[in-house]
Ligand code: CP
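As a starting point, one isolated chain is supplied in structure tokens, in the form predicted alone.
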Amino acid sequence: MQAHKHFLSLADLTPADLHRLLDLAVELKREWRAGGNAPLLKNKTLAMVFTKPSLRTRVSFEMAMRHLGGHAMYIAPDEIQLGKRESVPDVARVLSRYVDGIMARVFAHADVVTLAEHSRVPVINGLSDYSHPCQGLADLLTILEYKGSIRGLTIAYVGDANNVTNSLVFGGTLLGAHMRVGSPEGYQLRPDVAARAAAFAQASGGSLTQLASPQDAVRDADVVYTDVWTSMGQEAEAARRAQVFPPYQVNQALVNLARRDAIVMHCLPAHRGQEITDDVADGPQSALWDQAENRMHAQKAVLVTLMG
């Protein structure tokens, strides 16, 4: 990934870039489990800019930096008020004089792009309304661990086609997976996302199919993935979405349509009883907790690649 100073979207990467990151994540996870990581980021500091709260993003980045011998600095939403109290370009200009890398978890993707444009140090997208590449990388790592390869797998996403879906689809199509997205009308992939992923699929031998039926999406799939029906920032739509999405719930009846050895994934936090049922989330096919742990290992690979 030498050609890429920042990590803003999986769509910015080549398949070779993605394979290198996954190989490094596997290596760093193995090293950590064998007794600890080498201090590859000794004396390095990551500034973590949050405009939206998170459990996994904050803790996984803090622990990743600690394991690698570095330091992570949490900057709460009210401390900067990104784009309000201080302009996004100025925040980038100032922070990049102090630290070795910036991770930003924001509402608008334009903010993380602007940070990258004006920063002297690498910028990592910790989540935006368009993309969640750290989650996407962790998802691919998890699938790789369970299935041994990404190429040729059928990965089904059911529910609202959101930022998590975008990253999953980009990553899957880059690596030759057959992606199916089962979403109600009006909640499908953005046309630009679908077009870009279709181009990746054509080059890799994968495919992208959008379906209205969750059953058709999941049938004979190797992976069944879902996310919340209403994301942060969409609270005003919650009542309407609660009427639209119940047929897309990932329950045992739906999972039974997938392959017998299919795994179930969710990026968390989960609204149990809505998009996923307890028996599936806690069941034998659930990969949720390995997936959550893999945020830390996948992000280590990004941090070492950009800041090492």
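Heads up: residue numbers just count along the shown sequence, starting at 1. Keep in mind that what you see is a predicted model, and the values were worked out from it rather than measured.
What comes next is about the form predicted together with the ligand, which does not appear here.
- 56 is the sole member of 44, 56, 241, 259 with a non-hydrogen atom within 4.5 Å of the ligand in the predicted bound form.
- This chain lacks the partner; the member of 36, 246, 39, 269 within 4.5 angstroms of the ligand in the predicted bound form by a non-hydrogen atom is 269.
- No member of the trio 29, 67 and 294 reaches the ligand in the predicted bound form with any non-hydrogen atom inside 4.5 Å.
- Within 4.5 Å of any heavy atom of the ligand in the predicted bound form lies no heavy atom of residue 180.
- In the predicted bound form, residue 135 approaches the ligand with a heavy atom inside 4.5 Å.
- The stretch among 86 to 94, 70 to 78, 127 to 135, 182 to 190 whose residues place heavy atoms within 4.5 Å of the ligand in the predicted bound form is 127 to 135.
- With contact defined as any non-hydrogen atom lying within 4.5 angstroms of the ligand in the predicted bound form, the stretch 136 to 156 contains no contacting residue.
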